[in-house]
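Only one chain comes next, encoded as structure tokens, the form predicted alone.
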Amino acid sequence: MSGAAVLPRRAAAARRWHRGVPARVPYVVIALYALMAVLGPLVIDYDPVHTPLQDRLLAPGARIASGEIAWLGTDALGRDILAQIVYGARTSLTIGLATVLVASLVGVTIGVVSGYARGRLDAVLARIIDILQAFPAILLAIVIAGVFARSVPVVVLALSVTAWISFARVTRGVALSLRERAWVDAARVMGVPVRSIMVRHVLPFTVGPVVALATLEFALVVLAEAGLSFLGIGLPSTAVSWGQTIANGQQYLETAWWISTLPGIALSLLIINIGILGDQLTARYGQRRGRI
């Protein structure tokens, strides 16, 4: 092969690689957040109850009484902002993953059964979904979180109550389109049990759309958890949350902007990149779904 033929191919490969670089940014950012959530607390020691008032309202880069540097400053109680961001990342990712897992399991099960069975069962489940959708999701979460004592399981429950609806609607649509396919009809004719048909011939086709939806729901859950914590009805005071940190600094925006601004930036970056990743996955699996 001549060098003249190799150069255009290399140039085309380079162009494809450069076009793909922006698409990889969300993966890198989310991976960094995950590493921070997993490894950060092992490196940074932080006690949310300890309040060293002698270090209160220090600017980013200032030295605290122990001689260490507060790289992102301290809040009104002397607590380190960097540590709160790191521990808040663990809290947000844990609650987000737990909520999406619960919501997807419930929603996928209901959606597949409803879409495949149809009839009265589908009508009843559809009415339940309509009733839950009549209430604003965040309002229902506030009511549930306000009734029970503040804890991580209560927040997961409050956010899962309506999060499963999206998974149920997506998987129901996939099941409705698949139940009349030739391979599903062949399985019914051969006497394959209904449960096996749903698990082997319907459920695998829901994986792509569910994964794409899970990324978008994850971003909404993280944002909703921060909102609940901002209102003071989410997590207990012993837990670290970006929403709590932002709320603690709202009265110091003019004199100590870093208390609310820096956790807000961390939250915004995570939400934006998860949203971009969700859009990419939706576009990819949406095209595949159209070819089913």
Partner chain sequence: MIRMIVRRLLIGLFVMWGAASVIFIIVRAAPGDPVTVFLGPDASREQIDRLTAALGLDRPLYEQYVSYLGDVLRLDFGESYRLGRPAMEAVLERLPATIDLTLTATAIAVIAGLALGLLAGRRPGGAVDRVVSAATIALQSFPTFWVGIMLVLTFALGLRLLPSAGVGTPAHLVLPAVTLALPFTAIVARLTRSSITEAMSEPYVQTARSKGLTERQVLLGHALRNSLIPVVTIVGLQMGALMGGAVIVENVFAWPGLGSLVVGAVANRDYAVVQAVTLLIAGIVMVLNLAADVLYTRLDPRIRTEARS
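Since this is a predicted model, take the numbers as computed values, not measurements. Positions refer to the first chain, counted from 1.
One more form of this protein exists, namely the form predicted together with the partner chain; it is left out here, but the text below deals with it.
Just one listed stretch, out of 124 to 132, 90 to 98, 191 to 199, 110 to 118, contacts the partner chain in the predicted complex at the 4.5 Å heavy atom level, and that stretch is 124 to 132. Contact annotation for Val25: none of its heavy atoms lies within 4.5 Å of the partner chain in the predicted complex. For Pro48, no non-hydrogen atom is located within 4.5 Å of the partner chain in the predicted complex, even though that partner is not displayed. Although the partner is absent here, Trp71 sits far enough away that none of its heavy atoms falls within 4.5 Å of the partner chain in the predicted complex. Using a 4.5 Å cutoff between non-hydrogen atoms, Phe230 counts as a contact of the partner chain in the predicted complex.
Only one of the listed residues (Leu105, Val147, Ala186, Val207) places a non-hydrogen atom within 4.5 angstroms of the partner chain in the predicted complex, and that residue is Val147. Just one of Pro41, Pro52, Pro60, Gly264 comes within 4.5 Å of the partner chain in the predicted complex, counting any heavy atom, and that one is Gly264. Annotation for 229 to 262: interface residues with the partner chain in the predicted complex are Phe230, Leu231, Ile233, Gly243, Ile246, Gln250, Leu253, Glu254, Trp257, Ser260, Thr261 [heavy atom within 4.5 Å].
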